[in-house]
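Encoded as structure tokens, the following chain is the form predicted alone, with no partner shown.
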């Protein structure tokens, strides 16, 4: 079987986290199929990325072209189509982001590669690609089998797969000539506008103290803000807390909020609805405090405390002070 291709997603001089998350899954799939995986890096003046990528991937294909300086799905499609024709990959993986959702459908049609989107799991069975997708707002995980094909395209949900870290490998860096002949008029990059973030960005926090409606009321929030400060973290919440206007929308973790993957996720008074769990299950360590022993949050927690938070938090604060 041919190599698995991973399209490197980068923006404003930085490789996006989803790329490294895909690397981990691609390595597992490649081992399963007895093949390898290749990072595909498109852009302008991006050679500096290649060295980092080569420490995580056995091979890096690089195409430099000033027309690829900013993402443009039309130009990316032309470039990828050329590489696919030359190398015949068995699978092309990219993030289920604005980047991937813009590019994958039209490329799938052009190459006649079956496409599956927003995947939370992938595997090959008897030569066919099978995917796991979360549907009905996360209530059901569906197993999808794709028709037999010479190649497939899949987009992966960010925050689901653990990132592949630097390894001992030193992959090959292969420079390819650009197939582009000038730009295009049908779609042009004008400017990148970063969405304004008021307050702290919970997606960047290494420690999150996350609260749910189980805390009873907003009068208890200062207690958790103090705890977050002592831990060197940030406060976040579930949707019911936002719906009650206890905390602003920017603090919400969930399908309709933000996906997070901190080193420590401390969930207090959160029952663990699927909409919330889906967006935080990639955290390194999950600690749950809830007085309901049947709360679904305990099924994903690494550590669980069945008790009223008012009994636990003062002791936790004391222990943190002792450690410091």
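Numbering follows the first chain given and starts at 1. Heads up, when I say rigid core I mean the largest set of C-alphas that superpose within 1.5 Å between the two forms. Because the structure is predicted, anything quoted here is derived from the model rather than measured.
If you look for the form predicted in complex with a small molecule, you will not find it shown, but the lines that follow are about it.
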Item to check | Region of this chain that lies against the small molecule in the predicted bound form, out of 106-114, 213-221, 148-156, 85-93 [heavy atom, 4.5 Å] | outcome: 213-221
Checklist outcome for this item: the small molecule in the predicted bound form has a heavy atom of only one listed residue within 4.5 Å, and of 255, 62, 68, 30 that residue is 255
Checklist entry - Exactly one of 281, 271, 36, 54 has a non-hydrogen atom within 4.5 Å of the small molecule in the predicted bound form; which residue is it? => result 271
Item to check | residue 236, heavy atom within 4.5 angstroms of the small molecule in the predicted bound form | outcome: no
Checklist entry - Is residue 263 close enough to the small molecule in the predicted bound form to count, meaning some heavy atom within 4.5 Å? => result no
Next on the checklist: Check residue 171 for me: does it contact the small molecule in the predicted bound form (non-hydrogen atoms, 4.5 angstroms)?
Outcome noted: no
Checklist entry - Does any heavy atom of residue 240 come within 4.5 Å of a heavy atom of the small molecule in the predicted bound form? => result yes
Checklist entry - Quick one: core overlaid, is residue 37 moving 2 Å or more at the Cα between the shown form and the other one? => result no
Checklist entry - Does the C-alpha of residue 28 move 2 Å or more between the shown form and the other one once the rigid core is lined up? => result no
Checklist entry - Against the rigid core, is the Cα displacement of residue 50 between the shown form and the other one at least 2 Å? => result no
Item to check | in the predicted bound form, whether the C-alpha atoms of residue 265 and residue 21 sit closer or farther than here (change of 3 Å or more) | outcome: farther
Checklist entry - Closer or farther: the CA pair residue 161/residue 258 in the predicted bound form, versus this form, with a change of 3 Å or more? => result farther
